[in-house]
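Just the one chain here, laid out as structure tokens, in the form predicted alone.
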């Protein structure tokens, strides 16, 4: 694996690889890598891509600065994991490389409705920061394929919209399934911040998602949501939202609708740690 910290060096290398007709598969990350991230790298490699992964803890997407300060950093371990996963290139820039004119000097994007609901409503400015960094990284790497995980479902929709806004409609966006722990907890960098006690109860989020899916023929969503709210509270979690939506555009649904694809989404706090998850209903 080759590591680059400077944009020009990375672009020269990718250009040379493109001469050899190697398609580029890009996996952007914040670091603190886990098996979910590595599955994206492996997916890109299996599809014959030149796999380019970035590790950049982007400050503009953290609406809570304390959250940024507490975000786990494990760069040496991340590098080792990427080597084992068969990653070809790691882009490891600092903030000044990504934002040479400062974070306030970057373009901003209006994601409309997507920026007003769920994560957008609970994390003001978050998707503005996501748009800034992803547009910048796509401009730098110019990938053929972009690999992202389904766990951040709303973010996947934001990035899909962003690609159209910046004229990269031809780039293929590959949304990969969420990887889970044995109790169903979605793999996340934030999980490593959980205490042993908190980790033991965090799997209840997935239990709620499964319950929402399994009861769609026997109860109204309002009833199932209340059951899930009570279960999360009983386990010591604080739910921020438990939602049902049209999986195509995240339009909220008051009740189940078997005639359209549906997704259920949950955000809840375990102590100070905020976890999100979702499930496409079958």
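Bear in mind that the values here come from a model prediction, so they are computed numbers and not experimental data. Residue numbers count along the first chain shown, from 1.
There is also a form predicted together with a small molecule; it is not shown, and the following applies to it.
Residue contact with the small molecule in the model of the complex: residue 163 places no heavy atom within 4.5 Å of it. In the model of the complex, at least one heavy atom of residue 151 sits within 4.5 Å of the small molecule. Put simply, residue 132 is far from the small molecule in the model of the complex: not one heavy atom of it is within 4.5 Å. In the model of the complex, the small molecule sits beyond 4.5 Å of every heavy atom of residue 239. Listed stretches are 204-212, 171-179, 137-145, 111-119; the contact stretch with the small molecule in the model of the complex is 171-179, by a heavy atom cutoff of 4.5 Å.
Exactly one listed residue, out of 157, 187, 194, 79, brings a non-hydrogen atom to within 4.5 Å of the small molecule in the model of the complex: 187. Among the residues 30, 219, 247, 231, the one placing a heavy atom within 4.5 Å of the small molecule in the model of the complex is 30.
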